[in-house]
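In C-alpha cells, the next block holds one chain alone, the form predicted alone.
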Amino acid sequence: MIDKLIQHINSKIENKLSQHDIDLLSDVFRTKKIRKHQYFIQEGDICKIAGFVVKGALKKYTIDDTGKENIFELYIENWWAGDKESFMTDTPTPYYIDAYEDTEMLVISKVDFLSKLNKLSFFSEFNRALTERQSFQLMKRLRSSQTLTAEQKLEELQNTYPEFFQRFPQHIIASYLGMTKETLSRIRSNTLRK
C-alpha cells in the first residue's frame, strides 16, 4: 500500500523520494481499514490522524437540525481525508467523515507528522503543492456555489470529477452540489432529452 503513497508524493515533487525518505514514510504511516458506514472521525472529536485513501471512498459532512447531511467533501483514491484545522489546532471538528465504501487508508498521527515528517525538505515541497491545490479547489467551489446555476454546477462537477458519478449515489452528489436530489434528477433528465 505504501507504493501508492510514494507514487502520489513523487508526482507532486521535483526530486523523487530517496530510499531514506521511503523508509521513513513506511515507518510513520499505518494501515487503517474502515468498513462501509464506519466513522473516520465524528463531530466533536479532535482529529488526531490524517489519512491517504488507497482504496475506497469517504464523505465529509455536517448534520443540520433536521437530521439532513450536508456534504462538504468527497474522497476517493489518492485523496487525503481529515480535518486539517482540527488536526493542526487540537480543536473539536464540526464534521463527520465516514466510509461510503469499504476503505483502506494509510494514516499518520499528528505526533509523527510534526516530529518526523514535517521537517523533511521533500515534505515541505509536497505540502506546498497540496495546499495550493486545495486552495484553488476551495476557491473554485466557492465561486461555483455563489455564481453558477444548478445546471452549470453539475456540468462543472462532471467535467472535473467524472468518477464521482460512478462512486456516489445521486443524493450524495446533490448534497455536495448544494441542491436537492429532485433538482439533480430533473437537471439530468433535461440534459438527456437534449
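Bear in mind that the values here come from a model prediction, so they are computed numbers and not experimental data. Numbers follow the displayed sequence, beginning with 1.
Just so you know, the form predicted together with another copy of the chain exists too; it's not on screen, but the next bit is about it.
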Exercise. Kindly indicate whether Glu132, Phe136 and Tyr176 are, all three, within 4.5 angstroms of another copy of the chain in the predicted bound form, using heavy atoms.
Key: yes
Exercise. Name the residue from Lys48, Arg141, Lys32, Lys55 that puts a heavy atom within 4.5 Å of another copy of the chain in the predicted bound form.
Key: Arg141
Quiz prompt | another copy of the chain: the contacting residue among Glu77, Glu104, Glu73, Glu101 in the predicted bound form [heavy atom, 4.5 Å] | solution = Glu73
Practice problem: Report yes if any heavy atom of Thr147 sits within 4.5 Å of a heavy atom of another copy of the chain in the predicted bound form; otherwise report no. | Solution: yes
Quiz item: With the cut-off set at 4.5 Å between non-hydrogen atoms, does Met88 touch another copy of the chain in the predicted bound form?
Solution: yes
Quiz item: Taking 4.5 angstroms as the cut-off for heavy atoms, does Lys84 touch another copy of the chain in the predicted bound form?
Solution: yes
Quiz item: Does Thr62 make contact with another copy of the chain in the predicted bound form, using a 4.5 Å heavy atom cut-off?
Solution: yes
Exercise. Using the arrangement in the predicted bound form, list in sequence order the residues of 30 to 54 with any heavy atom within 4.5 angstroms of another copy of the chain.
Key: none
